[in-house]
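Shown below, as structure tokens, is a lone chain in the form predicted on its own; questions about how it binds or moves come after it.
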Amino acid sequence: MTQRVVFLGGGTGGVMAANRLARMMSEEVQKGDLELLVLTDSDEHFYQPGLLYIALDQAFPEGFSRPEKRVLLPGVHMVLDPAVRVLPEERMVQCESGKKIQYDYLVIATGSVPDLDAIPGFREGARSFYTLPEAMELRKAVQQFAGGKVLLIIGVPHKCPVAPLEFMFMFEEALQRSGMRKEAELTYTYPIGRLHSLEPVADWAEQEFAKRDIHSETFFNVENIDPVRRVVNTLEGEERGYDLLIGIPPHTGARVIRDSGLGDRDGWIPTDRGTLRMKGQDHIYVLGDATDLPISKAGSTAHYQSEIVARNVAHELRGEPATALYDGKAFCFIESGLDEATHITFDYKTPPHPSEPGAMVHWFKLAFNEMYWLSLRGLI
């Protein structure tokens, strides 16, 4: 009897896990004993880290998109029908069309969603780069910037935790090159008592900001934005004016997860930190941003987790115990300018230590932006 694994989400985590499992169990797939389905709401696969470069007028959108079918290995089938509800008791996913898809194992990789309405006035007053339309609007603002107060605000949680730092460093250097730096006052804010949730990154950023005359303010939690007066009001009772407001929106879990009651109130799914199995559900695995694990919501996290999930599902399909364990590993490039970058790697036990920024790491990051399409197919 044919077994079926459904991958909920056609982003980085879902595609990598599906392709890895297809490689691990190629014989079963070819014989028709195993069916692999990727449920997605888009027929285009977009490389999300590219949004930073688009917003800063360093790249065009076309370079970061591929047809979804082209990134799936033979034997992995795309179903273009958004999931609206997961029914674990029935081992079934209900789609927008009304169709119900049965599964033997479900892999949830639904990611996280920027909530542009969580902060009153955010949608009208702030420019962001976490969706393509927002990145294009920010691109226009960057191109038209004529000087003034630039304020960067951050809502939590959000994916790619180092991206706001990258934006500030890259924008500062772009202003230097255009001769506009003296006309701009740059201020970076963060909700807690340091500049990043990871203390070594926060310490490094503080030193870099001092070198570049970038102001910073901690314990800065936005209550609302007045787009008419161009003012940000904080929960701490402060008021800050701006000419250009860069906003990092808080993120939530996907709507299908919240509507299905699978996660907490924000849509994050309770997940075993080692096996990546959903707690209380033996036939569901979770990876990437969708988990409630206390680790970075980043592409590299989904990359490393996809191998663990694929191995454990393969074990279970073969009647074996799920023995692969995720160690919390994450790796992040951090652009520290237009021509240099640093990187961090860390896991559950080892904290990150930013390396000395340099041109070589920057070029490695640009190279990976191109190699991403190979990594999706499990080739690197």
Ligand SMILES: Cc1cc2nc3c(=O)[nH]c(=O)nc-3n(C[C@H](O)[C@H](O)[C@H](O)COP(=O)(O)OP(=O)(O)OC[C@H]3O[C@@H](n4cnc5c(N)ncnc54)[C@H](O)[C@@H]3O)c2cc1C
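This structure is a prediction, so every number in the text was calculated from the model and none was measured. Residues carry their position along the shown sequence, with the first being 1.
Keep in mind the form predicted in complex with this ligand is missing from the figure; the text below concerns it.
With a 4.5 Å cutoff on heavy atoms, residue 306 does not count as touching this ligand in the predicted complex; it lies far away. Remark: residue 295 does not count among the residues lining this ligand in the predicted complex, judged by a heavy atom distance of 4.5 Å or less.
The closest non-hydrogen atom of residue 256 lies within 4.5 Å of this ligand in the predicted complex.
When this ligand is considered in the predicted complex, residue 83 lines it closely, a heavy atom lying within 4.5 Å. Partner contacts here mean any heavy atom within 4.5 Å of this ligand in the predicted complex, and among 171-179, 207-215, 157-165, 97-105 they occur only in 157-165. Scanning 201, 302, 269, 152 against this ligand in the predicted complex with a 4.5 Å heavy atom cut-off leaves one residue, 302. Contact annotation for 98-119: residues with any non-hydrogen atom within 4.5 angstroms of this ligand in the predicted complex are 109, 110, 111, listed in sequence order.
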